[in-house]
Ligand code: FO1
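Shown below, as structure tokens, is a lone chain in the form predicted on its own; questions about how it binds or moves come after it.
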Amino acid sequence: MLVNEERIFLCKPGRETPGPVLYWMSREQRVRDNWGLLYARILAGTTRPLVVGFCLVQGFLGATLRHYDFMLRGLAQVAEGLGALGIPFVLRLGEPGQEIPRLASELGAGVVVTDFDPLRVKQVWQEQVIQGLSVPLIEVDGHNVVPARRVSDKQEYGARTIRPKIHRLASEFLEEYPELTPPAVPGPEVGLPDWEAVRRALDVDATVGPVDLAAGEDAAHAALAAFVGGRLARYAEDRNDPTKDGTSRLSAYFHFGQLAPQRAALVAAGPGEGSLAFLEESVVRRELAENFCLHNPRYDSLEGAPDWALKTLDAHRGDPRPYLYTPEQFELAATHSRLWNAAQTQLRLSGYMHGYMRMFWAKKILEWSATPEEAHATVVRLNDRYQLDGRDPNGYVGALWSVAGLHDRPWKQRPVYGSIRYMNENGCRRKFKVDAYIATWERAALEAG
């Protein structure tokens, strides 16, 4: 059982001790197909126990009960799956910078392994954990087919520059996962977490409630099988039509680490147009977003946009807006546009907005907001508040692509937009049955009360 050394990054050097191996699970919340967990098992060898720890942080980047509910349902499956392999699962509530070093000390851990994550808050957590540890901390990239630290050491200009790098390295990294075997040495008896007590302890916004989507890696693998066995064949044709069930609907499982993107790539790979289109989106475009967030710390701000986009937006800052809405009006789907309101309603009720509609939705927020800064902030806040896959590199890059031309090029000059790519309802009507989409979500809004 081997893990490609290019996936491994030594965050804190030092000498390992003979104590247990602690895998600090964070981004990759699954038992199967998990390079970090597999590497921790390798380090445990035949002489050391393996323990998995997870730190539950309250109020993470504005996450709501919707997000915590989905995550906790998945973590319950993780705990059971690990237990079947004789691997203890420890859940702690609090800040990782305090709880992970404390857990490592209690266990007498000899080394800590964790997941790669490009987001700024996760990098801060790692630094805090490093300060509190007396043993090495090792990061393993289990989220990207080609490890983000390997594919490029700089911010890539766009898909056309990162694509050949990914394609060149894919054969090295797109490999089948080895089986996770039970540790040779049993870990301490910790019992399963009291999930109801954990839920009672949550202090999060409960006004955005759970969604009816099965959570956990079993559900994720079932969703992948359903997609590959059905919709994948027409993915290239149907994925941009919001009235068709043509997308993979795997983004939430990717975001919460309940499904490895590499597993999806392995299962979906093939010569058909659907497979090629899916691999472009799930590997090239997704890993372009990882690259951007890793190398640009302003990924969640308008300041992260390219210079040409900032200049054109600033030049059109004083243009009259055809409509002007507050962030609160946007949130309540209280605009003049039935199509835009339908998209926002889909987001609020289902925790999901079709990708094509998400672009239209964000661009209209730019057109109908007082400033580009306010527009971008509204896009990020609403996406992260309601979208099940919010607070993700894909979401941050999508916001900047829509509002400020990231990974795009200048287009024809228009009021408000400048040379940012433009979208409107007439363009939507040429692509799909707009009235059917509107009717679906207006009806859903009525039923929801």
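Remember, it's a predicted structure, so these values are computed and weren't measured experimentally. Each residue number is its position in the shown sequence, starting from 1.
Although not depicted, the form predicted together with the named molecule is the subject of the following passage.
Colleague: Spot the stretch among 401-409, 38-46, 416-424, 63-71 with residues whose non-hydrogen atoms come within 4.5 Å of the named molecule in the predicted complex.
Modeller: Among the listed stretches, the partner-contacting one is 63-71.
Colleague: What is the one choice in F173, W368, F360, W125 with a heavy atom within 4.5 Å of the named molecule in the predicted complex?
Modeller: Only one listed residue qualifies here, and that residue is W125.
Colleague: Just to be sure I understand the contacts: of H255, H221, H354, K364, which is the one whose heavy atoms reach within 4.5 angstroms of the named molecule in the predicted complex?
Modeller: Checked against the cut-off, the match is H255.
Colleague: Taking 4.5 angstroms as the cut-off for heavy atoms, does R385 touch the named molecule in the predicted complex?
Modeller: No, R385 sits far enough from the named molecule in the predicted complex that none of its heavy atoms falls within 4.5 Å.
Colleague: Using the partner position in the predicted complex, report whether L119 sits within 4.5 Å of the named molecule, counting heavy atoms only.
Modeller: Looking in the predicted complex, residue contacts with the named molecule include L119, since a heavy atom lies within 4.5 Å.
Colleague: Examine D392 and determine whether its closest non-hydrogen atom to the named molecule in the predicted complex is within 4.5 angstroms.
Modeller: Although the named molecule is absent here, D392 would touch it in the predicted complex, with heavy atoms inside 4.5 Å.
Colleague: So in the predicted complex, does L56 come within 4.5 Å of the named molecule, heavy atom to heavy atom?
Modeller: Flag for L56 set to yes.
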